[in-house]
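Next up: just one chain, as structure tokens, the form predicted alone.
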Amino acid sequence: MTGITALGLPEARRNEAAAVFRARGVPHRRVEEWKYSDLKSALGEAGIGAGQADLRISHLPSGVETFDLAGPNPPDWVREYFGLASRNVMSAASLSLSAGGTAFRVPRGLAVAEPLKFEFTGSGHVRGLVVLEDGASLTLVEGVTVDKFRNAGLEIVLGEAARLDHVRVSPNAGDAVLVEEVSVRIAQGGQYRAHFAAFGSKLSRMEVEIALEGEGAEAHLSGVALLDGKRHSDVTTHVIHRTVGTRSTQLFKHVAGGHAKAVYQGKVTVAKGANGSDSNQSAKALLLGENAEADLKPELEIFADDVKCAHGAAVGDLDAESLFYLRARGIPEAEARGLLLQAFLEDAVAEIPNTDLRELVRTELLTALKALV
């Protein structure tokens, strides 16, 4: 490849991304995929700008190789994989406008015991790349710092039989506008398991596109959102089953009070010839007031035979009989409501395989629940 930029990105890829963003512009509610999250309106006249955010490493485990994407002479693995995800308009924006970020590589066969902890910081655009070679495994812990506006693009590449556990916790970010796009490519026998815990902001959107490219590849997504006031949280996913024998699951739970808005859009595409694909989507929300809103939109697009695909969505209030049962046994109403909400969210939290990270998310939820009820 020729024309390597300062980002270590082949110039053709960056130019293609810039063209995508110029053609489509900042998304707004008249764009189908963004009709529940009007980014253009949230940003106002300031627009997306060209500021530069950063990726800060909190803990780098032994054996994980890094490369500064603002540096020269990128290694072959960065040249090969970085900058391939540019079809998403905001990913294209970060790809063309970012001047930095970090790439990580776990060598073939290495099982990393300690979690890799990092967070996107600052205002503007930033990129990240995570490559797990064949047989490697890693736990990725992603934090989110609060800023005025940030657009982060994260690319993940999993080799054969590689495994990545990804936990992202996004705090109550007030008036921030935070957008992140994650693109995941999974080879034969690879597994990606992710959990997204969100507490909202003026506009918060997590967009995930996963390509199950090898036989036996798996993706398991779960998440919780606990929102109050005028907080907004959007999780939009697209899982593509490209070949035979692939599997995916999605389980998302939302609780919204005040004037909050919870959004889940989950699309599963089973490509022609991807026989034996197995997919299940479930999204549920509880509304704690007349002004709260939940928009749940699971979707299936199937071009293959002999598949097993299911999806469902439900929006409601706390069960009155369960609440009465607890109150009748002397439990104060606020405590009873908190227990029921915790129970509602628990099965999604239980999807986190790492015990310490599971308890971390539970603690954050309990703190937010006390304030909510």
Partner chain sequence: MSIAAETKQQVAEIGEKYKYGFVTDIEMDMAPRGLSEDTVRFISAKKGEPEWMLEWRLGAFRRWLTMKEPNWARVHYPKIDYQNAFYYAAPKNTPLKQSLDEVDPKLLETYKKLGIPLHEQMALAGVAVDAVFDSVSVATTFKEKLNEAGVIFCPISEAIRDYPDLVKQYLGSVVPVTDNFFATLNAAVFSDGTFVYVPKGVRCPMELSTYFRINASETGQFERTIIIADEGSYVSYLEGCTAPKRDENQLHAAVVELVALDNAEIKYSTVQNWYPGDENGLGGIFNFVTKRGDCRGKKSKISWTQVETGSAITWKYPSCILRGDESVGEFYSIAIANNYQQADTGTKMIHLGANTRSRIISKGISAGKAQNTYRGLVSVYGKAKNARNYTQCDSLLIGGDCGAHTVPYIESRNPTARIEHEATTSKIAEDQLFYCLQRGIPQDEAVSLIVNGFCREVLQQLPMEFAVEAQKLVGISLEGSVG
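Residue numbers count along the first chain shown, from 1. All values reported here derive from a predicted model rather than from experimental measurement.
The form predicted in complex with its partner chain is left out here; the points below concern that form.
J.: Identify, from the list 189, 135, 115, 298, the residue with a heavy atom within 4.5 Å of its partner chain in the model of the complex.
T.: Flagged contact: 298.
J.: Which residue among 251, 99, 287, 169 has a heavy atom within 4.5 angstroms of its partner chain in the model of the complex?
T.: Comparing distances to its partner chain in the model of the complex, the residue within 4.5 Å is 287.
J.: Residues in which of 42-50, 344-352, 59-67, 317-325 have heavy atoms within 4.5 Å of its partner chain in the model of the complex?
T.: Heavy atoms within 4.5 Å of its partner chain in the model of the complex occur in 317-325.
J.: Candidate spot 178, 230 and 240, all three in 4.5 Å heavy atom range of its partner chain in the model of the complex?
T.: Not a single residue of the candidate spot has a heavy atom within 4.5 Å of its partner chain in the model of the complex.
J.: So in the model of the complex, does residue 110 come within 4.5 Å of its partner chain, heavy atom to heavy atom?
T.: Residue 110 lies outside the contact set for its partner chain.
J.: So in the model of the complex, does any heavy atom of residue 292 sit within 4.5 Å of its partner chain?
T.: Answer yes; at least one heavy atom of residue 292 falls within 4.5 Å of its partner chain in the model of the complex.
J.: Contact between residue 26 and its partner chain in the model of the complex at 4.5 Å, heavy atoms?
T.: Residue 26: no contact with its partner chain in the model of the complex.
J.: Using a 4.5 Å heavy atom cut-off, state whether residue 302 contacts its partner chain in the model of the complex.
T.: Heavy-atom contact with its partner chain at 4.5 Å: present for residue 302.
J.: Of 26-43, which residues get within 4.5 Å of its partner chain in the model of the complex if you count heavy atoms?
T.: In sequence order, 32, 35, 36 come within 4.5 Å of the partner.
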